[in-house]
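Given next, in structure tokens, is a single chain: the form predicted alone.
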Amino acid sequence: MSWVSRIAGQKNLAAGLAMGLAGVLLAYLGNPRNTGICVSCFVENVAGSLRLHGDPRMTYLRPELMGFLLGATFMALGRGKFRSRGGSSPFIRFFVGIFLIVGCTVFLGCPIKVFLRLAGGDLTALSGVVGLVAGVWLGVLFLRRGFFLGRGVGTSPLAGWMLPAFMVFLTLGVMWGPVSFKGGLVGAAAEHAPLLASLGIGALVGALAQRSSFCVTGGLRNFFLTRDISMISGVGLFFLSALVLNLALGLFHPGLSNQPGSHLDHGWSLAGMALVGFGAALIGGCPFRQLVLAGEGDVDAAAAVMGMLVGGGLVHSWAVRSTLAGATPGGKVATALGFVFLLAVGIAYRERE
């Protein structure tokens, strides 16, 4: 391994360690069990606070989400890496963002939560791991055959600052806004860590992820494409650190039944996470990575994030989100449509000689 790869690996190890510890710590401080960090869950919560859906149990202006993006922004500014850029098929990315949330909510968690659930002893997450790997592998097949959404170019600084500014507005709202805006009163939304801890830990994780380019699906993609293990080693340490801390805090409860925020519909869990892996491979990163890229001024990633927010509303309004009993009819249809859409995009955007 070259010295460049070794340095990249160290950065990813640091980010993975922070992610694992933060995921368990936030659950210990009050977030739902095995959901210390779940970008799709947080997106659904924020969508509820923005009145994109009407489920009060999933309505809370999660500070971690703002922390991820703003932490990445501050790190990018400090390193001179904030650059407003865009033009790589943003409307396609918007719809991929919607389907990323569809897949996550069929599984009941994002790629980060897949490993946090597993580190907490939730063996139902194994189907999610298999699906995620399969989905990224499918996306890599298209990348190897010339899939390309286009190259982003420099754009107006205002465009790059739009989403960070929106996150500043939401941060002010969660700190000083009315309860009717913040939510977090009933159900899973009422389970949350203290505000400043959530915001601070989120900002730290976002900053480290910007420094290292840490991404769960990105690690799998790089391994499949080039056998590069620098990023996937960080994913491994993320899982191991979460597992060790769960064991130390007595939060490890192995089994298939009665696991929080999960269901036993394994086939659809696999399909949902495969959809996420496929979409993430095509647009260059999982939901968490899209937040970090948007924090760097990437307008195309910001389009994906806005698609995620819209998706966070639609999965509730259209009964797409799985229940504890398993995938819903709406979720099954939406997952199938998601694969059709991604396959169409994959074929249409293959560069031909």
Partner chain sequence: MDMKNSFSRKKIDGVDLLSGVIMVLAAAFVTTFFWQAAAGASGSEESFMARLRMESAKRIEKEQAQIHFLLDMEDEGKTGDALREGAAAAERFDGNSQFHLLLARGYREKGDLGTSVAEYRRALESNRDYSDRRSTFYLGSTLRPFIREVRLARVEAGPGSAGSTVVRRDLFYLERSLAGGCH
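Positions refer to the first chain, counted from 1. Model, not experiment: these values are computed from the prediction.
Only in words, not in the display: the form predicted together with the partner chain, which the text now covers.
The partner is absent here, but in the predicted complex a heavy atom of 186, alone among 186, 162, 143, 195, sits within 4.5 Å of the partner chain.
When contacts are judged by a 4.5 Å heavy atom cut-off, residue 113 counts as touching the partner chain in the predicted complex.
The closest heavy atom approach of residue 55 to the partner chain in the predicted complex falls within 4.5 Å.
Residue contact check for residue 258: one or more of its heavy atoms lie within 4.5 Å of the partner chain in the predicted complex.
Proximity of residue 263 to the partner chain in the predicted complex: non-hydrogen atoms within 4.5 Å are present. Heavy atoms within 4.5 Å of the partner chain in the predicted complex belong, among the stretches 35-43, 63-71, 286-294, 306-314, to residues of 35-43. The partner is not shown here, but in the predicted complex the stretch 299-326 reaches within 4.5 angstroms of the partner chain through a heavy atom at 321, 324, 325.
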